[in-house]
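The chain below stands alone and is given as structure tokens, in the form predicted alone.
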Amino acid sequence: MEFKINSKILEKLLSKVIPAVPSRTPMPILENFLFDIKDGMLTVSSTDLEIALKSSINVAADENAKMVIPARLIYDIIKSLGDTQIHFKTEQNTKIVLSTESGVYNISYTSPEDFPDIPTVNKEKEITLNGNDLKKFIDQTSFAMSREDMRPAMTGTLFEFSEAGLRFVTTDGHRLVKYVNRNIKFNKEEQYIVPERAISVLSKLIGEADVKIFLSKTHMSFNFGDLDFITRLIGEKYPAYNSVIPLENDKILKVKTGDLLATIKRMMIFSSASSKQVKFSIKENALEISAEDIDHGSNARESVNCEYSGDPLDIGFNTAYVSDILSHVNDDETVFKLHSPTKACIIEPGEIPENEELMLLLMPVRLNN
């Protein structure tokens, strides 16, 4: 079997597919690309059994063939060649020869029999999202996914389709994020949980172009033109997140996002490494932020301009969680909706585009006496 291809074109194709190649795995076969040449079309696939990527390109090949080639080896070779024409030719001794004007390179390949099948997602259920919108949804919510395997559903992002709109939800039990786009409606309510690994790779793949999404009970597929990204879904029921969102939070605190975030980052220096605790002392139009590290004998307090007209309130938070949340409030003003020192706090941007909703929930921590 022989075919020719420009090195830069092949490098671009391989760079799209290599994110699914695991860096460490007990299954060596997964460290390879599957090259499938059929009727003048080269399709390169990779998978770690959780996610899979495949992309295709036309090549002038003299026959059909399938082979498994070490992924990082061939990718590094192709990247190192510069801009040149490469002639691929297979030999009888399971060697593939790469020839250019200036060199010859031999790589071993193996039979494709043991390479896992790439899942096929039925295309009956299809939606199309703008790439910028999808990236925005993911970037606004992915930080709050759980890293603990005890509750598998919480280690992913919930895609919830409904007549009221498309919701993205993440939670780790300490914080919760719900992002809603009311322009994207579905004729019935369905839930799909996409694993953290898939979300991480997906965020890097998304461009400005529209993304076609295909849905099944076990997998979700994203099509980016010449690239298909397939991920398995988490087969668990997502927690009833609406039940933890408080309805009685009537104490409203408004602050400048940038001012509060800068203060919180300074408080992280002074908060205890174990508790990461920061204290909000709130009274009429006055907010004092303080932190103390007893082990190192250090403490700090700052006053932050605010609007507040409710009863005085002292409440504690984890500095890292507050910092994360404020970093994802894309507005000059942040609104805290509070109830008591032990009830969850709702955090929202001062303004959000029409037909969208961003709600961030943060559990308080018990203050040290």
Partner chain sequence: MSIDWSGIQGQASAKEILTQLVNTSRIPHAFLFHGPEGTGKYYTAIRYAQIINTNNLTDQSVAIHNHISNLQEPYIKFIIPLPRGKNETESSGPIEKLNPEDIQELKSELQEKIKNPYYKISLNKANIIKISSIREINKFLSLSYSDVKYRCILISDAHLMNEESQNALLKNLEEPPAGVVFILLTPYSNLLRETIRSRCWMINFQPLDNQNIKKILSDYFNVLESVAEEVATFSDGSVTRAFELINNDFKSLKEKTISVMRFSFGGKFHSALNEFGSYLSESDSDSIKLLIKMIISWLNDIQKHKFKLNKYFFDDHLDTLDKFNSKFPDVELNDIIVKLDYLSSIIKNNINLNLIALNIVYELASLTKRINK
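Residue numbers count along the first chain shown, from 1. This structure is a prediction, so every number in the text was calculated from the model and none was measured.
Note that the form predicted in complex with its partner chain isn't included here; everything after this is about it.
So in the model of the complex, does any heavy atom of Gly235 sit within 4.5 Å of its partner chain?
It does: once its partner chain is placed as it appears in the model of the complex, Gly235 has a heavy atom within 4.5 Å of it.
Please run the contact check for Pro195 against its partner chain in the model of the complex: heavy atoms, 4.5 angstroms, yes or no?
Yes.
Taking its partner chain as it sits in the model of the complex, is Ser108 in contact with it (heavy atom to heavy atom, 4.5 Å or less)?
Ser108 lies outside the contact set for its partner chain.
Please determine whether Pro152 contacts its partner chain in the model of the complex, using a 4.5 Å cut-off between heavy atoms.
So Pro152 counts as contacting its partner chain.
Which residue among Val335, Ile29, Leu326, Leu42 has a heavy atom within 4.5 angstroms of its partner chain in the model of the complex?
The residue from Val335, Ile29, Leu326, Leu42 that makes the contact is Ile29.
In the model of the complex, the residue from Asn299, Thr84, Asn132, Thr218 that sits within 4.5 Å of its partner chain by heavy atoms:
Looking at Asn299, Thr84, Asn132, Thr218 one by one, just Thr218 meets the 4.5 Å heavy-atom criterion.
Which among 335-343, 42-50, 315-323, 300-308 is in contact with its partner chain in the model of the complex, heavy atoms within 4.5 angstroms?
Of the options given, it is 42-50.
Using a 4.5 Å cut-off on heavy atoms, what residues in 2-26 are near its partner chain in the model of the complex?
Heavy-atom contacts to its partner chain in the model of the complex: Arg24, Thr25, Pro26.
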